[in-house]
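In C-alpha coordinates, the next block holds one chain alone, the form predicted on its own.
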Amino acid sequence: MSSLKGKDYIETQDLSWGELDVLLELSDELKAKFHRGEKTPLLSAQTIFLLFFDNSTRTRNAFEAGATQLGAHAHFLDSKLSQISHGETAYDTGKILGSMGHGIAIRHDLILHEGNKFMRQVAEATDVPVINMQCDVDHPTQTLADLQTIRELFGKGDLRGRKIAVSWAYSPSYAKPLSVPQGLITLMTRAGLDVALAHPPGYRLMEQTLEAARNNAREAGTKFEVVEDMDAAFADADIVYPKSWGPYDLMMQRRDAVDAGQMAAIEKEMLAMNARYKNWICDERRMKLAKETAVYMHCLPADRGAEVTDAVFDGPQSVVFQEAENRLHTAKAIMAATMRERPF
(Lines give C-alpha, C1' and ligand atoms only; values in the text may rest on other atoms or scores of the structure.)
Protein backbone atom coordinates (compact mmCIF):
# COMPACT_ATOMS: atom_id res chain seq x y z
CA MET A 1 0.00 0.00 0.00
CA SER A 2 2.79 2.44 0.86
CA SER A 3 4.16 2.35 -2.69
CA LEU A 4 1.00 4.00 -3.97
CA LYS A 5 0.92 6.87 -1.49
CA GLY A 6 0.61 10.17 -3.32
CA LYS A 7 0.07 8.50 -6.70
CA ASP A 8 -2.69 9.77 -9.00
CA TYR A 9 -5.36 7.31 -10.13
CA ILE A 10 -6.61 8.74 -13.43
CA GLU A 11 -6.50 5.77 -15.82
CA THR A 12 -5.80 2.12 -15.09
CA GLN A 13 -3.28 2.38 -17.94
CA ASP A 14 -1.22 4.68 -15.70
CA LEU A 15 -0.62 1.92 -13.15
CA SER A 16 1.46 -1.22 -13.42
CA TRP A 17 -0.29 -4.57 -13.10
CA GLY A 18 1.43 -5.03 -9.75
CA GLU A 19 -0.04 -1.75 -8.49
CA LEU A 20 -3.52 -2.72 -9.69
CA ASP A 21 -3.16 -6.06 -7.93
CA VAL A 22 -2.31 -4.24 -4.70
CA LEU A 23 -5.57 -2.31 -5.01
CA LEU A 24 -7.57 -5.46 -5.72
CA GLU A 25 -6.09 -7.31 -2.76
CA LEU A 26 -6.75 -4.33 -0.51
CA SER A 27 -10.34 -4.14 -1.81
CA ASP A 28 -10.84 -7.78 -0.87
CA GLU A 29 -9.39 -7.20 2.59
CA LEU A 30 -11.54 -4.11 3.23
CA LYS A 31 -14.66 -5.92 2.04
CA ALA A 32 -14.00 -8.83 4.38
CA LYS A 33 -13.49 -6.47 7.32
CA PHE A 34 -16.67 -4.56 6.40
CA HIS A 35 -18.73 -7.76 6.46
CA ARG A 36 -17.18 -8.78 9.78
CA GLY A 37 -18.08 -5.40 11.25
CA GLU A 38 -14.44 -4.44 11.83
CA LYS A 39 -13.49 -0.77 11.80
CA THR A 40 -10.84 0.42 9.34
CA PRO A 41 -9.78 3.96 10.38
CA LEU A 42 -6.86 4.08 7.95
CA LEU A 43 -7.31 7.77 7.07
CA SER A 44 -8.23 9.30 10.40
CA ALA A 45 -8.88 13.06 10.25
CA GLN A 46 -8.02 13.32 6.54
CA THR A 47 -10.05 15.19 3.93
CA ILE A 48 -10.90 14.37 0.33
CA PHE A 49 -12.69 16.81 -2.00
CA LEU A 50 -15.24 15.25 -4.39
CA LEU A 51 -15.71 17.54 -7.39
CA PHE A 52 -18.63 16.61 -9.66
CA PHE A 53 -19.42 17.97 -13.13
CA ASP A 54 -22.14 15.32 -13.61
CA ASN A 55 -24.77 13.45 -11.61
CA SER A 56 -23.88 10.41 -9.54
CA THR A 57 -25.39 7.82 -7.22
CA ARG A 58 -23.02 4.87 -6.76
CA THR A 59 -19.78 6.80 -7.18
CA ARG A 60 -20.67 9.66 -4.87
CA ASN A 61 -22.00 7.38 -2.15
CA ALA A 62 -19.12 4.92 -2.49
CA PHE A 63 -16.63 7.72 -1.88
CA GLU A 64 -18.62 9.50 0.85
CA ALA A 65 -19.45 6.31 2.74
CA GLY A 66 -15.99 4.92 2.07
CA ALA A 67 -14.27 8.03 3.39
CA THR A 68 -16.37 7.88 6.57
CA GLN A 69 -15.54 4.21 7.09
CA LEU A 70 -11.84 5.02 6.69
CA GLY A 71 -12.09 7.79 9.28
CA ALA A 72 -11.79 10.57 6.69
CA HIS A 73 -14.22 13.28 5.65
CA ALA A 74 -15.46 13.80 2.08
CA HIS A 75 -16.49 17.27 0.88
CA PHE A 76 -19.02 17.22 -1.99
CA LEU A 77 -18.41 20.01 -4.53
CA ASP A 78 -20.78 20.80 -7.42
CA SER A 79 -18.80 22.42 -10.23
CA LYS A 80 -21.80 24.62 -11.11
CA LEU A 81 -21.77 26.07 -7.60
CA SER A 82 -18.01 26.60 -7.51
CA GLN A 83 -15.81 29.29 -9.01
CA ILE A 84 -15.05 26.90 -11.87
CA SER A 85 -18.39 28.05 -13.33
CA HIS A 86 -16.96 31.60 -13.35
CA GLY A 87 -13.76 30.58 -15.12
CA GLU A 88 -11.36 29.48 -12.38
CA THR A 89 -8.75 27.25 -14.02
CA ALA A 90 -8.11 23.59 -13.31
CA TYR A 91 -4.60 24.48 -12.13
CA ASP A 92 -5.86 27.07 -9.63
CA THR A 93 -8.56 24.70 -8.38
CA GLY A 94 -5.99 21.96 -7.83
CA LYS A 95 -3.57 24.30 -6.11
CA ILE A 96 -6.16 25.51 -3.61
CA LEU A 97 -7.88 22.20 -2.85
CA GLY A 98 -4.56 20.39 -2.62
CA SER A 99 -3.38 22.84 0.02
CA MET A 100 -6.48 22.25 2.15
CA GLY A 101 -6.82 18.47 2.10
CA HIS A 102 -5.29 15.10 1.40
CA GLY A 103 -6.94 14.03 -1.85
CA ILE A 104 -9.04 15.29 -4.76
CA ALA A 105 -11.53 13.13 -6.66
CA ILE A 106 -13.21 14.38 -9.84
CA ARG A 107 -16.08 13.31 -12.12
CA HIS A 108 -15.99 15.08 -15.51
CA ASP A 109 -17.27 12.62 -18.09
CA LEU A 110 -19.78 14.05 -20.57
CA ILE A 111 -17.55 16.22 -22.77
CA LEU A 112 -15.09 14.40 -25.02
CA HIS A 113 -11.42 15.43 -24.75
CA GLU A 114 -12.06 17.66 -21.73
CA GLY A 115 -12.53 15.66 -18.53
CA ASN A 116 -9.28 13.69 -18.57
CA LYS A 117 -7.37 16.82 -19.57
CA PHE A 118 -8.93 18.75 -16.66
CA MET A 119 -7.94 16.06 -14.16
CA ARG A 120 -4.36 15.98 -15.36
CA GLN A 121 -4.15 19.77 -15.11
CA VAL A 122 -5.41 19.56 -11.52
CA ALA A 123 -2.82 16.86 -10.82
CA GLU A 124 -0.03 19.09 -12.15
CA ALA A 125 -0.94 21.73 -9.58
CA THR A 126 -0.79 19.61 -6.44
CA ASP A 127 1.14 16.81 -4.78
CA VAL A 128 -1.97 15.20 -3.24
CA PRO A 129 -3.42 12.28 -5.22
CA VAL A 130 -6.05 13.01 -7.86
CA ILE A 131 -8.60 10.22 -8.33
CA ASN A 132 -10.73 9.85 -11.45
CA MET A 133 -14.38 9.19 -10.51
CA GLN A 134 -15.16 9.03 -14.28
CA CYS A 135 -13.91 11.07 -17.18
CA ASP A 136 -14.36 11.02 -20.93
CA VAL A 137 -11.60 8.40 -21.36
CA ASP A 138 -11.90 5.98 -18.42
CA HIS A 139 -14.01 5.06 -15.41
CA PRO A 140 -11.23 3.37 -13.43
CA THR A 141 -13.07 3.08 -10.12
CA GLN A 142 -15.95 1.24 -11.86
CA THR A 143 -13.78 -1.13 -13.86
CA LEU A 144 -11.68 -2.01 -10.81
CA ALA A 145 -14.91 -3.00 -9.03
CA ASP A 146 -15.92 -4.96 -12.14
CA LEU A 147 -12.64 -6.86 -12.04
CA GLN A 148 -12.98 -7.52 -8.31
CA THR A 149 -16.42 -8.99 -9.02
CA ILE A 150 -15.09 -11.17 -11.85
CA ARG A 151 -12.32 -12.47 -9.59
CA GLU A 152 -14.87 -13.29 -6.88
CA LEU A 153 -16.95 -15.25 -9.41
CA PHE A 154 -14.25 -16.97 -11.46
CA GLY A 155 -11.30 -17.05 -9.07
CA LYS A 156 -8.22 -14.90 -8.56
CA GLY A 157 -6.06 -17.20 -10.63
CA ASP A 158 -5.44 -17.03 -14.35
CA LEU A 159 -8.52 -15.77 -16.19
CA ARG A 160 -7.16 -16.89 -19.55
CA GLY A 161 -9.73 -18.50 -21.78
CA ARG A 162 -12.53 -16.46 -20.21
CA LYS A 163 -14.38 -14.11 -22.55
CA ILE A 164 -16.13 -10.84 -21.80
CA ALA A 165 -18.55 -9.29 -24.30
CA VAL A 166 -18.59 -5.49 -24.01
CA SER A 167 -21.52 -4.42 -26.14
CA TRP A 168 -23.41 -1.25 -26.97
CA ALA A 169 -27.08 -1.43 -26.01
CA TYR A 170 -30.06 0.77 -26.78
CA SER A 171 -30.99 3.64 -24.45
CA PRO A 172 -33.77 6.22 -24.80
CA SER A 173 -32.69 8.33 -21.82
CA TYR A 174 -29.58 10.30 -22.85
CA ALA A 175 -26.31 9.94 -24.75
CA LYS A 176 -24.09 8.31 -22.17
CA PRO A 177 -20.30 8.68 -21.84
CA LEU A 178 -17.87 6.37 -23.65
CA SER A 179 -15.70 5.84 -20.60
CA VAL A 180 -17.14 2.58 -19.24
CA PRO A 181 -16.61 0.51 -22.40
CA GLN A 182 -13.25 2.21 -22.94
CA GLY A 183 -12.19 1.40 -19.40
CA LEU A 184 -13.33 -2.19 -19.77
CA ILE A 185 -11.46 -2.91 -23.00
CA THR A 186 -8.22 -1.43 -21.65
CA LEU A 187 -8.33 -3.15 -18.24
CA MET A 188 -9.83 -6.55 -19.06
CA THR A 189 -7.33 -7.24 -21.84
CA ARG A 190 -4.58 -6.80 -19.23
CA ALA A 191 -6.41 -9.01 -16.73
CA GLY A 192 -6.19 -12.08 -18.97
CA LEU A 193 -9.68 -11.95 -20.44
CA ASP A 194 -10.48 -12.19 -24.14
CA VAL A 195 -12.54 -9.11 -25.04
CA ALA A 196 -15.16 -8.80 -27.77
CA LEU A 197 -16.35 -5.23 -28.33
CA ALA A 198 -19.63 -4.85 -30.25
CA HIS A 199 -21.40 -1.73 -31.45
CA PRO A 200 -23.50 -0.53 -34.40
CA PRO A 201 -21.97 1.70 -37.09
CA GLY A 202 -21.25 5.20 -35.76
CA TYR A 203 -20.59 4.20 -32.16
CA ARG A 204 -16.81 3.86 -32.30
CA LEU A 205 -14.70 4.52 -29.25
CA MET A 206 -11.70 6.84 -28.92
CA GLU A 207 -8.82 5.60 -31.04
CA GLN A 208 -6.35 5.95 -28.16
CA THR A 209 -8.33 3.43 -26.09
CA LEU A 210 -8.73 1.01 -29.01
CA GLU A 211 -4.99 1.13 -29.63
CA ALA A 212 -4.30 0.61 -25.92
CA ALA A 213 -6.60 -2.43 -25.89
CA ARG A 214 -4.88 -3.89 -28.95
CA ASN A 215 -1.45 -3.35 -27.38
CA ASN A 216 -2.57 -4.76 -24.01
CA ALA A 217 -3.94 -7.88 -25.69
CA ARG A 218 -0.68 -8.45 -27.58
CA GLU A 219 1.40 -8.03 -24.44
CA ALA A 220 -0.88 -10.21 -22.28
CA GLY A 221 -1.46 -12.87 -24.92
CA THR A 222 -5.22 -12.27 -24.92
CA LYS A 223 -7.69 -11.58 -27.72
CA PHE A 224 -9.35 -8.29 -28.62
CA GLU A 225 -11.85 -7.98 -31.45
CA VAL A 226 -14.38 -5.39 -32.61
CA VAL A 227 -17.59 -6.53 -34.30
CA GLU A 228 -20.85 -4.90 -35.41
CA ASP A 229 -22.97 -7.84 -34.24
CA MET A 230 -24.21 -8.17 -30.65
CA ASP A 231 -24.96 -11.86 -31.11
CA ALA A 232 -21.42 -12.57 -32.28
CA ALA A 233 -19.97 -10.84 -29.22
CA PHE A 234 -22.25 -12.79 -26.85
CA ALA A 235 -21.41 -16.17 -28.39
CA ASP A 236 -19.68 -18.39 -25.79
CA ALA A 237 -19.03 -15.44 -23.47
CA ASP A 238 -18.45 -15.95 -19.76
CA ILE A 239 -19.41 -12.36 -18.96
CA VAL A 240 -21.75 -10.05 -20.87
CA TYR A 241 -21.64 -6.30 -20.26
CA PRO A 242 -24.21 -4.54 -22.50
CA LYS A 243 -24.02 -0.78 -21.97
CA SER A 244 -25.21 2.22 -23.97
CA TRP A 245 -22.96 5.09 -25.04
CA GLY A 246 -23.28 8.04 -27.40
CA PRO A 247 -22.33 8.15 -31.10
CA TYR A 248 -18.79 9.50 -31.28
CA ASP A 249 -19.17 12.09 -34.06
CA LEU A 250 -22.31 13.61 -32.54
CA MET A 251 -20.68 13.63 -29.11
CA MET A 252 -17.90 15.71 -30.67
CA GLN A 253 -20.49 18.06 -32.16
CA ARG A 254 -22.10 18.44 -28.73
CA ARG A 255 -18.70 19.33 -27.29
CA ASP A 256 -18.36 22.15 -29.83
CA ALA A 257 -21.96 23.44 -29.49
CA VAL A 258 -22.13 27.19 -28.86
CA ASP A 259 -25.41 27.39 -26.93
CA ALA A 260 -27.99 25.35 -25.05
CA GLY A 261 -30.33 25.21 -28.03
CA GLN A 262 -27.70 23.68 -30.27
CA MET A 263 -26.77 21.19 -27.55
CA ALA A 264 -30.43 20.16 -27.14
CA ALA A 265 -30.80 19.66 -30.89
CA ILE A 266 -27.71 17.44 -31.00
CA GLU A 267 -28.91 15.42 -28.00
CA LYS A 268 -32.22 14.87 -29.79
CA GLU A 269 -30.34 13.70 -32.88
CA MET A 270 -28.27 11.29 -30.79
CA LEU A 271 -31.37 9.74 -29.24
CA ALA A 272 -32.94 9.40 -32.67
CA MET A 273 -29.81 7.59 -33.84
CA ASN A 274 -30.01 5.30 -30.79
CA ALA A 275 -33.60 4.47 -31.69
CA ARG A 276 -32.48 2.88 -34.98
CA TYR A 277 -30.98 0.05 -32.92
CA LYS A 278 -33.72 -0.82 -30.43
CA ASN A 279 -33.01 -4.49 -31.13
CA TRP A 280 -29.62 -4.15 -29.40
CA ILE A 281 -31.00 -5.36 -26.06
CA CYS A 282 -29.75 -7.96 -23.61
CA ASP A 283 -32.64 -10.41 -23.46
CA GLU A 284 -33.16 -14.07 -22.64
CA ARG A 285 -32.41 -15.15 -26.22
CA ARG A 286 -29.03 -13.42 -26.23
CA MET A 287 -28.12 -14.74 -22.79
CA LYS A 288 -28.56 -18.25 -24.21
CA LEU A 289 -25.88 -17.44 -26.81
CA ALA A 290 -23.39 -17.04 -23.98
CA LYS A 291 -22.18 -19.90 -21.83
CA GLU A 292 -24.70 -21.49 -19.51
CA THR A 293 -22.63 -20.20 -16.58
CA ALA A 294 -22.34 -16.67 -17.99
CA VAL A 295 -23.06 -13.64 -15.83
CA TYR A 296 -24.71 -10.33 -16.69
CA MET A 297 -22.91 -7.18 -15.52
CA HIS A 298 -23.69 -3.46 -15.74
CA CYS A 299 -22.30 -0.34 -14.08
CA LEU A 300 -25.86 0.91 -13.35
CA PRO A 301 -28.24 2.55 -13.68
CA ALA A 302 -29.45 0.29 -16.50
CA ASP A 303 -32.33 1.32 -18.73
CA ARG A 304 -34.73 -1.55 -18.06
CA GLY A 305 -36.66 -2.59 -21.13
CA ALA A 306 -34.11 -0.92 -23.41
CA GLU A 307 -30.56 -1.98 -22.52
CA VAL A 308 -31.78 -5.11 -20.75
CA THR A 309 -35.00 -6.97 -20.03
CA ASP A 310 -36.30 -7.30 -16.48
CA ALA A 311 -35.99 -11.08 -16.78
CA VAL A 312 -32.23 -10.80 -17.29
CA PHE A 313 -31.64 -7.91 -14.89
CA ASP A 314 -33.51 -9.63 -12.05
CA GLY A 315 -32.56 -13.16 -13.09
CA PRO A 316 -30.11 -15.65 -11.59
CA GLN A 317 -27.27 -14.71 -13.97
CA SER A 318 -27.29 -11.05 -12.92
CA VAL A 319 -24.54 -9.96 -10.53
CA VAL A 320 -25.16 -6.21 -10.75
CA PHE A 321 -25.78 -5.65 -7.04
CA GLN A 322 -22.66 -7.57 -6.00
CA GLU A 323 -20.84 -5.44 -8.57
CA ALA A 324 -22.39 -2.24 -7.19
CA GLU A 325 -21.39 -3.04 -3.61
CA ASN A 326 -17.83 -3.52 -4.76
CA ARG A 327 -17.76 0.14 -5.79
CA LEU A 328 -17.57 0.92 -2.07
CA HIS A 329 -14.66 -1.39 -1.37
CA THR A 330 -12.58 -0.39 -4.40
CA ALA A 331 -13.18 3.30 -3.63
CA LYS A 332 -11.90 2.69 -0.10
CA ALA A 333 -8.89 0.80 -1.41
CA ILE A 334 -7.95 3.58 -3.83
CA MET A 335 -8.28 6.28 -1.16
CA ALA A 336 -6.45 4.25 1.49
CA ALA A 337 -3.59 3.39 -0.85
CA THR A 338 -3.05 6.84 -2.36
CA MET A 339 -3.91 9.43 0.32
CA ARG A 340 -0.98 10.23 2.51
CA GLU A 341 -0.95 11.91 5.90
CA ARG A 342 0.03 15.56 6.03
CA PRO A 343 2.43 16.16 8.94
CA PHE A 344 1.88 19.15 11.23
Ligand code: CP
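The first residue of the shown sequence is 1; numbering continues from there. Remember, it's a predicted structure, so these values are computed and weren't measured experimentally.
If you look for the form predicted in complex with phosphoric acid mono(formamide)ester, you will not find it shown, but the lines that follow are about it.
Taking the partner from elsewhere, residue 275 is found to have every heavy atom lying beyond 4.5 Å of phosphoric acid mono(formamide)ester in the predicted complex. In the predicted complex, none of the heavy atoms of residue 289 sits within 4.5 Å of a heavy atom of phosphoric acid mono(formamide)ester. Contact annotation for residue 299: at least one heavy atom lies within 4.5 Å of phosphoric acid mono(formamide)ester in the predicted complex. Although the partner is absent here, residue 329 sits far enough away that none of its heavy atoms falls within 4.5 Å of phosphoric acid mono(formamide)ester in the predicted complex. Within 4.5 Å of phosphoric acid mono(formamide)ester in the predicted complex, a heavy atom is found for not a single one of 31, 40 and 68.
Between phosphoric acid mono(formamide)ester and the residues 279, 44, 55, 293, the one pair within 4.5 Å by heavy atoms in the predicted complex involves 55.
Checking 148, 142, 132, 186 against phosphoric acid mono(formamide)ester in the predicted complex, a heavy atom within 4.5 Å turns up for just one residue: 142. You can rule out all but one of 281-289, 308-316, 22-30, 56-64: in the predicted complex, only 56-64 has residues with a heavy atom within 4.5 Å of phosphoric acid mono(formamide)ester. Contacts between 96-115 and phosphoric acid mono(formamide)ester, taken as any heavy atom within 4.5 Å in the predicted complex, involve only 107.
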